[in-house]
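Just the one chain here, the form predicted alone, laid out as structure tokens.
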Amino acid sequence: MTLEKAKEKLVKYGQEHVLRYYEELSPEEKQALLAQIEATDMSIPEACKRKEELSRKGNITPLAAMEISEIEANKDSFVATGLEAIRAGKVGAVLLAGGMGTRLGSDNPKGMYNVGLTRELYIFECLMNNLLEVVRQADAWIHLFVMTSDKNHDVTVQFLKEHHFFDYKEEYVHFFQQEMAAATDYEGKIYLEEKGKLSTSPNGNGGWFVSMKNAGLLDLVHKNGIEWLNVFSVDNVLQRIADPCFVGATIQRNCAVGSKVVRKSAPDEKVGVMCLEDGKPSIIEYYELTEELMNAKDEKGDPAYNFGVILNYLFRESDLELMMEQNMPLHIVEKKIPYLNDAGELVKPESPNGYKFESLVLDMIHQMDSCLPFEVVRSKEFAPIKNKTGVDSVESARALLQENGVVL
């Protein structure tokens, strides 16, 4: 991008200030800044003006889950359908691994965290082992797409290569980086974090498909005939990936997306809950659940909003491509954002001073016409690692791994 083109774009969106130090930059820094301006969606910060409108929820009603009893009754049929799809190469997996292990006391990517006690056992290794079980069951390899971030890409790739992908076939592992979104002040003006660099942050866990598309990986998806993508997060060491039963049930029910869910441990558990919003599948966050919704009952007398999501979804790939033609909803998050002040000095604020912009997987669900909430046994498939100790921690995950026969 030329300087003139950059100025034209910035004037259009009222962001000319990001070039204030341009003449102080080296030729390389100038080129990097122009490239960043070209790549940045400048329309996103304008969402600040519609903040209240964006956060408004529609009419929430229950969405029934396929419960374990029904799954068990149809298990053989579901598994057969799922294995057929996997063997035909129609199922891929997408690992969201852009996060760091900061809350665990680690400076490394979260997937590199060692949960072992008497041996090394990394989070990445746990997930590869879980996927390898399906590979052996189906006698077919599954393409795995690993989303990293600009903070952890190189070290993640290096780590997995050094460990020979924990016996997963290297040619079936594909890396791509998560796209970034500009961070702004409360007026929507983009901050600078360096004189030649816009302040940015990852575009949220709902940005995985656009990031994958922009990395050119949809060519590989089409070439290999992949029709379903199982997207999952790095921090649940027990989750089953490309689970044939889950795949088969979603295909048989002809749903655009399947969502693994667990029964909530308490009405106020901090998990998003499957529901319908204005008649379409959706997820309502735990902090959005009113007392009325929390205490609502279904026709059986059970809690109506009783199934929490675990960030393990199976999307029909063609529907994702249709979704890309629409505008994804945005979430505006108030954050502490380091920035350059008028004197060109870096300031690290002690309280929130602006917005970061994200799209979330739950919005992708709401873009779909149908969703199958698929209940799984909590103690067998839900061991999230959010903290070092306490609830949803390294400690609790270790206990669940041992309960499931994993040697630590």
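Remember, predicted model here, so these are calculated numbers, not experimental data. Each residue number is its position in the shown sequence, starting from 1. By rigid core we mean the largest C-alpha set that fits within 1.5 Å across both forms.
There is another form of the same protein, the form predicted together with uridine 5'-triphosphate (UTP); it is not shown, and what comes next is about it.
- Contact with uridine 5'-triphosphate (UTP) in the model of the complex, defined as a heavy atom within 4.5 Å, holds for exactly one of T102, N254, N327, Q158, namely T102.
- For the candidate set N114, S211, N130, N205, a heavy atom within 4.5 Å of uridine 5'-triphosphate (UTP) in the model of the complex is found for exactly one residue, namely N205.
- In plain terms, the part of the chain that comes close to uridine 5'-triphosphate (UTP) in the model of the complex, with a heavy atom within 4.5 Å, is 102-110 out of 102-110, 71-79, 266-274, 289-297.
- Of the heavy atoms in M147, some are within 4.5 Å of uridine 5'-triphosphate (UTP) in the model of the complex.
- Contact between S233 and uridine 5'-triphosphate (UTP) in the model of the complex is found at the 4.5 Å heavy atom cutoff.
- The shortest heavy atom separation between A97 and uridine 5'-triphosphate (UTP) in the model of the complex is within 4.5 Å.
- Shown alone here, L311 lies within 4.5 Å of uridine 5'-triphosphate (UTP) in the model of the complex, counting heavy atoms only.
- With contact defined as any non-hydrogen atom lying within 4.5 angstroms of uridine 5'-triphosphate (UTP) in the model of the complex, the stretch 1-28 contains no contacting residue.
- Positional change of H366 between this form and the one not shown stays under 2 Å at the C-alpha, relative to the superposed core.
- Relative to the superposed core, V333 shifts its CA atom by 2 Å or more between this form and the one not shown.
- F357 is among the residues whose C-alpha shifts by 2 Å or more between this form and the one not shown once the rigid core is aligned.
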